[in-house]
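Read the single chain below, which is given as structure tokens and is the form predicted alone.
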């Protein structure tokens, strides 16, 4: 229905498109950017929930310890200006001087300690607690220097510090106000300050004039929550919003012809897959059934017909955009082989009934309430541990697979390998092990398609950071 609605809406709006709408012209004057998203944030408190939509908005309020280069995706300075390995279990970070939170509180080593302590505290119920479990202690050397001591070698610590795992909290406010008050009125060091969160409607942020990188070009950023694709497309083409992610491939030409918006694209690091749930009794506990599903799905046809070629097939859980990628052989589309495997497993493929969930939001997945299969996108998928650990260990929030001792042990060993050559070999072996276990039908590496208003200059990134600090508003 979403695609049909979009096909119906686009031609109607094209008749009205062309010149900028009055609303868009007003936004140019006031230097406001409106971003249309499919859902509102699930929290306003950083380092709490693993959710792209939530963290896309929070990244405007809070800064990370480290950033990532938009082109290479390699870690680069942000609130930390430098880092070094003291020994196999100690990393030292030098912090940027003179940075202040929106309430005037200084950012310093205590901020790093308070943030990581908050993540690791069971009372916080942070989704990121498992990701930072290897940190044994946070040592404050002085105001501008902090050391993270781990319980063993952890080369991916730098990768973690460059993701939303490391959005920094204000320690004094966290202690005096508490998490609930900060959830109502968040305080970060980022380029925009919190103004208003009107549930089910919008989040409004204003420019931080004292931002350490200099003030943003936009004076205000508003996130509008529009669940339906067709409604977001209508909002883009009517000039109600300025940026929309995930424009359907069939709508690319109409958007370009509209005169009000243009298409901007990026080959994303996000992977999309069909999870074959083996954590509960059912056919997916049988390896033959999982391999049969891999032979049954024609991924190349889906990419060609449904996505109009705007995706790249993946054959295992890591894509070439991942620094720990190693090639594995794809399962070939082979319906006859799929039927034979179903029969070997004692199932009649003509009578087999399976439940596929394509959930709106992630609650059903993280609460383990899905059927035999579910569809999910995971990203930014830029390093091996960020995929293998959360998605293939049964205890992790989003895992659909587990209870495989060999893979659990291999993951535990692989994430501690410091030597670059040894690390590459370990991830290659792990990638092959997971591919052979067929816990998913790997689908594709996503190509992100954005609709961007003609008066906004902004380029999408492979790490899916929709950061309006990079946007510029131009008069037409």
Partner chain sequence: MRHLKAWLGIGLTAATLVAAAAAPWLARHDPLRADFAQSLRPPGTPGHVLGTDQLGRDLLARVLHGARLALFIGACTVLITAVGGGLLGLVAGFAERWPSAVLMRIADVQLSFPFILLAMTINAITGLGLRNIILSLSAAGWVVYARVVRGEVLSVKQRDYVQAAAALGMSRARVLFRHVLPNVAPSIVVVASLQFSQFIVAEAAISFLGFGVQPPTPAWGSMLSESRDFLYVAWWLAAFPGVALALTALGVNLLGDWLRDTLDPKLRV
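Numbering follows the first chain given and starts at 1. The term rigid core refers to the most C-alpha atoms you can superpose between the two forms while keeping them within 1.5 Å. Remember, predicted model here, so these are calculated numbers, not experimental data.
Unshown form predicted in complex with its partner chain; subsequent notes refer to it.
- Annotation: in the predicted bound form, residues 230, 302 and 306 each come within 4.5 Å of its partner chain through at least one heavy atom.
- In the predicted bound form, none of the heavy atoms of residue 318 sits within 4.5 Å of a heavy atom of its partner chain.
- Contact annotation for residue 314: none of its heavy atoms lies within 4.5 Å of its partner chain in the predicted bound form.
- Among heavy atoms of residue 250, some come within 4.5 Å of its partner chain in the predicted bound form.
- Although the partner is absent here, residue 234 sits close enough that one of its heavy atoms falls within 4.5 Å of its partner chain in the predicted bound form.
- When its partner chain is considered in the predicted bound form, only one residue from 75, 171, 254, 283 comes within 4.5 Å through any heavy atom, namely 254.
- Partner contact region in the predicted bound form: 234-242, out of 93-101, 186-194, 234-242, 334-342, criterion any non-hydrogen atom within 4.5 Å of its partner chain.
- Remark: with the core as the superposition reference, the CA shift of residue 300 between this form and the one not shown reaches 2 Å or more.
- Relative to the superposed rigid core, the position of the CA of residue 52 differs between this form and the one not shown by less than 2 Å.
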